[in-house]
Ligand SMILES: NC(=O)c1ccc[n+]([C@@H]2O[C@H](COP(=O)([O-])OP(=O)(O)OC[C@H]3O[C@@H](n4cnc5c(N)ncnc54)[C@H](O)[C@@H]3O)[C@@H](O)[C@H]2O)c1
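One chain is shown next in structure tokens, namely the form predicted on its own.
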């Protein structure tokens, strides 16, 4: 029996935004190691497709429609899952969107969606689930989706990156709060590097300018040229969760390199500057 199976088999996993991308990969992996998977997504068909794949492979899964941008939806999710299953062993706050473009060109609605899905969905997921986890008295795990973007800066990805910087600090503080209270709840910051998903697909944009749409196309091509395969990333993530790691990186060296660059930037209190690679990517002369 693997470490993942020892820790997680027989338990319930709730994964937000699991109808596609990393969330779907994690949901499938949770099913493989013997968890009952609650596949949540704003898109009913996507959620049911992934849940059906898990069941077809011999696992246990159910789909639920949840809009994580609405705190009341996460309250409902927690109420229904605990009422049905009695306990949740693993919560993964995964739901997120990528927004591209200059700050002043992104429509207000897209700004609000990015903040509400990427950041407030995580915050209110924790707020809704942790009290019930505490009441259960059982050992539990929470994985929050950060990003290698949590440690970098990139013009035209400002909306996404600021949410991931915030997600990292949220997880760090949450980890310490569990220590203060002496709770058996493990907190991990899940840090994907480049993983092959559909996050940069054109249909996932929202009111982006022509420039933003072009950047989305370029990022999609780069991801599929150099990214990690999704099943491999899901295995790496679950192995880290099972070990109780706080830092759970799909590509640890990539994370380490970005952190080293960020540390140097902060220590030097350097002025932000465009790198040659960024200039080429953005077409800056």
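Every value quoted in this text rests on a predicted model; they were computed, and no experiment measured them. Positions refer to the first chain, counted from 1.
From this point on, the text means the form predicted in complex with this ligand, which you will not see here.
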| item | value |
| --- | --- |
| Site test, 31, 53 and 143 vs this ligand in the predicted complex, non-hydrogen atom cutoff 4.5 Å | no |
| Answer option from 199, 126, 115, 178, heavy atom within 4.5 Å of this ligand in the predicted complex | 199 |
| Sole residue of 242, 223, 236, 259 within 4.5 Å of this ligand in the predicted complex, by heavy atom | 223 |
| Any non-hydrogen atom of residue 195 within 4.5 angstroms of this ligand in the predicted complex | yes |
| Contact of residue 101 with this ligand in the predicted complex (heavy atom, 4.5 Å) | no |
| is_contact(residue 160, this ligand) in the predicted complex, heavy atom dist at most 4.5 Å | yes |
| In the predicted complex, residue 164 touching this ligand (heavy atom, 4.5 Å) | yes |
| Stretch in contact, per heavy atom within 4.5 angstroms of this ligand in the predicted complex, of 128-136, 145-153, 102-110, 179-187 | 145-153 |
| Heavy atom contacts to this ligand in the predicted complex at 4.5 Å, residues of 64-102 in sequence order | 66, 67, 68, 69, 94, 95, 96, 97 |
